[in-house]
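There is one chain below, alone, in structure tokens, taken in the form predicted on its own.
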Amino acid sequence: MKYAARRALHSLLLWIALSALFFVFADLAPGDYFSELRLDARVSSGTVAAMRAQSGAGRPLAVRYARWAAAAVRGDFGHSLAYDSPVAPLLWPRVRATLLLTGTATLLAWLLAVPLGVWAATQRGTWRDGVLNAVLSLLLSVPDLLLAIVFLVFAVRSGLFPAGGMTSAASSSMNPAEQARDIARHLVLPVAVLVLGMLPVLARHVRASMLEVIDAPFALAARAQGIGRRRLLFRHLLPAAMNPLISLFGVSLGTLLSASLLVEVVMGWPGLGPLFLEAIMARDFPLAVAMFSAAFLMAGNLAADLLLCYFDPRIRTG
């Protein structure tokens, strides 16, 4: 519990520091929402000046950050000028959509990478290992953007999967089971893009971790005692190779999240990605979206630290 509390406090302090850094960067960026609004001939300069004064944009940076931080603690992430609405109601539906996409892709990527990497470690030096390495290298060299475009073209031309969105137009008239199937159909292609983009990295790390322990003395002793191959691999060797993989788990969450923002924009998934792009283009509220992305990454790293503490007694005793 002490270790968990210390790591949680460290993550919280890091998040606060990042919020201040993001706030400064957002302030240093040239122009703002009112600069774009001033170019609109339908809006008078007096109206723009009044809106700017009402929003508090002319106040010192420290004062604006203190006001934003105090409101963020209460769950209020500011007011969207472009939408004329509080930011929080705009964010929560998008956060759920991004978490659904990222969580599903993370689960499937690891479910595929672990057995694939374990099998590749047992086949080292064979032609099967060479073929698998060639396929993984090919997937690793293909950008996520290109994968997303190819899958989107496939969806449009084949009609087998929806080309964008999270639900169908008639989803409101469906029962819960049909709605779940509808969302699953919309998930297939974005999840496939993220899984194919992350699978080569995960599988190679699993293979490398397994190769470090596959010829260890305890593994040779287990073979000499007649322990079955599958039990040896998954009950003895895989837990021994777990430490670097758990650390990779936290990093993979952040990697998948950053990749999902791009995939969401290209494939029309209504998550944080399109909202972030709209906020940047309108110079409206990109800070709140960036803070949510940073929170997801730190939550993944915190989960990895806690799992390491659970599985590795050396960390607990240290």
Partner chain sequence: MAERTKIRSALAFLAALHAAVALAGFLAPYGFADQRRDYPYAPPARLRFLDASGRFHLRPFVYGLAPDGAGGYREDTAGAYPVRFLFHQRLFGVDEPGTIFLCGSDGYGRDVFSRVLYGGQTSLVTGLAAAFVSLSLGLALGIAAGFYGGWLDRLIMRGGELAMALPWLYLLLAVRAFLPLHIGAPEAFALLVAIIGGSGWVRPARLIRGVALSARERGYVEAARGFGASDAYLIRRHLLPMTLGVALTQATVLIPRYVLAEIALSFLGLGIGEPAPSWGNMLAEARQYHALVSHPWMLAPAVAAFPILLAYLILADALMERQREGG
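Residue numbers count along the first chain shown, from 1. What you see is a predicted model, and the numbers here were worked out from it, not measured in a lab.
Another form exists, predicted in complex with the partner chain; not displayed. Remarks below refer to it.
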property: Exercise: residue 63 in contact with the partner chain in the predicted bound form, heavy atom 4.5 Å; result: no
property: Distance check, residue 14 to the partner chain in the predicted bound form, heavy atom within 4.5 Å; result: yes
property: The partner chain contact at residue 294 in the predicted bound form, heavy atom, 4.5 Å; result: yes
property: Exercise: residue 131 in contact with the partner chain in the predicted bound form, heavy atom 4.5 Å; result: no
property: Non-hydrogen atom within 4.5 Å of the partner chain in the predicted bound form for each of 137, 145 and 149; result: yes
property: Answer range among 220 to 228, 150 to 158, 83 to 91, 115 to 123 for contact with the partner chain, defined in the predicted bound form as heavy atoms within 4.5 Å; result: 150 to 158
property: Stretch 196 to 214 - residues with a heavy atom within 4.5 Å of the partner chain in the predicted bound form; result: 204
